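First, one chain by itself: the form predicted alone, in structure tokens.
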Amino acid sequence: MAKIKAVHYINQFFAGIGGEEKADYKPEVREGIVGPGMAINAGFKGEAEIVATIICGDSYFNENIEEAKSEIIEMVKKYDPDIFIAGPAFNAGRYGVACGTIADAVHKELGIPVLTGMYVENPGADMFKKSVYIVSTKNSAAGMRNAVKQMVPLALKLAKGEEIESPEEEGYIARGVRKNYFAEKRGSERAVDMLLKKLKGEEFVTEFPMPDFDRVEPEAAIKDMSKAKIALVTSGGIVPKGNPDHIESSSASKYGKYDIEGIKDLTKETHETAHGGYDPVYANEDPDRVLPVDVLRDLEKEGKIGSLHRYFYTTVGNGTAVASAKAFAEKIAKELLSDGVNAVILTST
């Protein structure tokens, strides 16, 4: 019996080409196994084989999605694989979005079974969990061994066309697919059983998990705005011209803190947007449209606010993981509190 053929997709980092400085790397195909493909191929134990590895930089893919998809699909076609595997991407946002996007495209356009892996909070997981099997991984490459252990058997089952069991059994992220089945107890009995276990503090598994919404209680209103120090924070990506800290255009891994002491107006000569999720033309023409320094300076001059904080904080919200955004917020909030800021105006796109 012929071996199952697999084509593997990875980014520039896992290919050993480089980090962010090589994120614009164009799609390339290499015969055989590269990087994490070695662990995946070893896991196949001769039942399947990675025949080619496709490499693409995260920035190139996310900034040239249609071109990248077209190029990579043509590369995949040449090998006529039985399974296409992307990643795993863990919690790398742009990599996760790329893995989900190309896996979804390969499946839809070539009819090939596909599989990827990522952390549940990776933006790519939420975007593609309904159309692509995504094995749930840890949030960093330290979880590579466990990820491969889950991905290999599922990849083989997909390639063979075998029935895929529940997310709990196979280890993939729930896709929201419902299946009818006959239970031993009627629904009302099961509900009462769960309620009694909950009241007793015992463990139980709900049959219909509800979404977990993060709610924040609002602070009391500021009594006297004329004495308040106001700070500007944005996810709209406004940065000094040239983006000195190289904040990514999507799936940001960092934020920037910039001094606006003495600046009354942001201009196209001094500032721009690093954001890759909206048309930058109008923001670049007048960055105040996203970060209203000019308006706050007017209010400061009129005495309607006490002062504008000398630093603004900025990042890119496009595809950025929730966990990353929370981490940014915690650090920024501590600094603002220590600087005596009374209120923050958050702007987006």
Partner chain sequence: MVKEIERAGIPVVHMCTVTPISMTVGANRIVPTIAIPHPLGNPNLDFEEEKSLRRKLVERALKALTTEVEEQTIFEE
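Between two forms, the rigid core is defined as the largest C-alpha subset superposing within 1.5 Å. Residue numbers count along the first chain shown, from 1. Values in this document were obtained by computation on a predicted structure and should not be read as measured data.
The following text describes the form predicted together with its partner chain, which does not appear among the structures shown.
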(request) Please check if G111 has a heavy atom lying within 4.5 Å of any heavy atom of its partner chain in the predicted bound form. (result) no
(message) At 4.5 Å between heavy atoms, is L299 in contact with its partner chain in the predicted bound form?
(response) yes
(message) in the predicted bound form, is there a heavy atom of its partner chain that lies within 4.5 Å of any heavy atom of G262, even though the partner is absent here?
(response) no
(message) So in the predicted bound form, is its partner chain close enough to A52 to count as touching (4.5 Å, heavy atoms)?
(response) no
(message) Looking at 143 to 151, 208 to 216, 239 to 247, 169 to 177, which stretch has residues with any non-hydrogen atom within 4.5 Å of its partner chain in the predicted bound form?
(response) 208 to 216
(message) Pick out the residues of 123 to 137 whose heavy atoms come within 4.5 Å of its partner chain in the predicted bound form.
(response) P123, D126, M127
(request) Note yes or no: does the Cα of G340 move by 2 Å or more between this form and the one not shown after the core is superposed? (result) yes
(request) Taking the rigid core as the superposition reference, indicate whether the CA of E162 shifts 2 angstroms or more between this form and the one not shown. (result) no
(request) Inspect the rigid-core superposition and answer whether the C-alpha of G171 shifts by 2 angstroms or more between this form and the one not shown. (result) no
(request) Looking in the predicted bound form, decide if the C-alpha atoms of N284 and Y95 are closer or farther than in the form shown; they differ by 3 Å or more. (result) closer
(request) Have a look at F13 and A323: in the predicted bound form, are their Cα atoms closer together or farther apart than in this form, given the change is 3 Å or more? (result) farther
